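The chain below stands alone and is given in structure tokens; this is the form predicted alone.
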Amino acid sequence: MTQQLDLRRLPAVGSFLRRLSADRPARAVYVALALLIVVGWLLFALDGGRFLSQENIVGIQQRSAALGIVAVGQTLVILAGSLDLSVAYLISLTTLVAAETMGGADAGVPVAVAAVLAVSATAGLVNGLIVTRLRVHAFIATLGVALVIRGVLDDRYDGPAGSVPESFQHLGYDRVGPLPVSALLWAAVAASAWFLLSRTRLGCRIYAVGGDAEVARLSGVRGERVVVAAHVLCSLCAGIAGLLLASRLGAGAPTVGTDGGYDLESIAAVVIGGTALAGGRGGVAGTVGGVLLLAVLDSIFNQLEVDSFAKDVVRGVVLVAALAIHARRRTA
């Protein structure tokens, strides 16, 4: 029997894994964010408004929280070399699970939260197993799961369903000083993901598997388990976002995830933040900057009443420009 070679003791491989697991913030996205804020401030000043008013800042935080939570989960799965296109439909499903389980009663909140997390984890597990065991590409695998969830939603729901008690709606609308509770929730999720990636074995293995699956395998890392874990964590983030949106809507909505475009928007935020779609490079810090950049851009467009066509064109240009800049930096 051939003995497995343990390369973890070799200095070159150890250096490789440490380099991959280094969570370096994408400085470029924060420079772009600062410039965008300056541009927004100038445009608002010329129009007689205040871009940096407390109301506008709070609005940006509230609008970006759900996308930010989903994007953090998407970061984990992309870093592992995979992808998740099912998050939008999963968000819609979890809002309905939460609202129908609560039924407008405070006593149903703990059960609803547990049910949402269980449904989300199951969806992530299915995604991960299809990708790793059936060897289906992540794009097709998660798209297939998305279509299954869509079929369930289309068959069972024609519109909003269930209700959320008033006490649970504080999650979506309350503030702690100038900070919305929803933004604090996003910050907690992002901090947890950062800690996972930078301070735990699983985080190091996510970078290793995404950077070079073969080197990781020879180093003793079980890549399939890592990919499954990343998918489960991504789906749990989608479930948390579903709970947040249910608290804001007061009910479950079968189209809230797709209407918000959380699948493609989360991927765009991750890419703008400097995480490589091939996996292994990037981090949560860059994703946070990418989400904020998109949120500030939306705020400027909304305040200036720019039509949706121009908004989509500009967002597309920003995404392509970000990809080009990151590609040139990696080449250099």
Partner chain sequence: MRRALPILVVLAGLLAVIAVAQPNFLAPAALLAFVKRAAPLVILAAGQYFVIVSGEYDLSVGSLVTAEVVVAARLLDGSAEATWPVLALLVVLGLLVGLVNGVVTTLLRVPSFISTLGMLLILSGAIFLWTGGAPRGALPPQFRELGRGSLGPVPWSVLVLVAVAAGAICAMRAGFGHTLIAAGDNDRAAALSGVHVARVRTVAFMVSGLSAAVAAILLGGFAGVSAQVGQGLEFQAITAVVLGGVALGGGRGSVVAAMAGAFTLEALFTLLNLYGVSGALEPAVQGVIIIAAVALGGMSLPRGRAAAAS
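Numbering follows the first chain given and starts at 1. Computed from a prediction, not measured in an experiment: that's the story for all the values here.
Not pictured, yet referred to below: the form predicted together with its partner chain.
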Would you say all of I130, R150 and L323 touch its partner chain in the predicted complex, counting a heavy atom within 4.5 Å as a touch? yes
Options 284-292, 41-49, 57-65, 269-277; stretch whose heavy atom lies within 4.5 Å of its partner chain in the predicted complex: 269-277
Just checking whether L35 would be counted as a contact of its partner chain in the predicted complex - the rule being heavy atoms within 4.5 angstroms. no
Check E100 for me: does it contact its partner chain in the predicted complex (non-hydrogen atoms, 4.5 angstroms)? no
Its partner chain contact in the predicted complex: V31, any heavy atom under 4.5 Å: no
Partner contact for L264 in the predicted complex: its partner chain, 4.5 angstroms, heavy atom: yes
Residue within 4.5 Å of its partner chain in the predicted complex by heavy atom, from A114, L179, I140, A161, is I140
Let me know the one among A187, A229, L249, A213 whose heavy atoms come within 4.5 Å of its partner chain in the predicted complex, would you? A213
Counting only non-hydrogen atoms and a 4.5 Å cut-off, give the residues of 55-85 close to its partner chain in the predicted complex. L83, L85
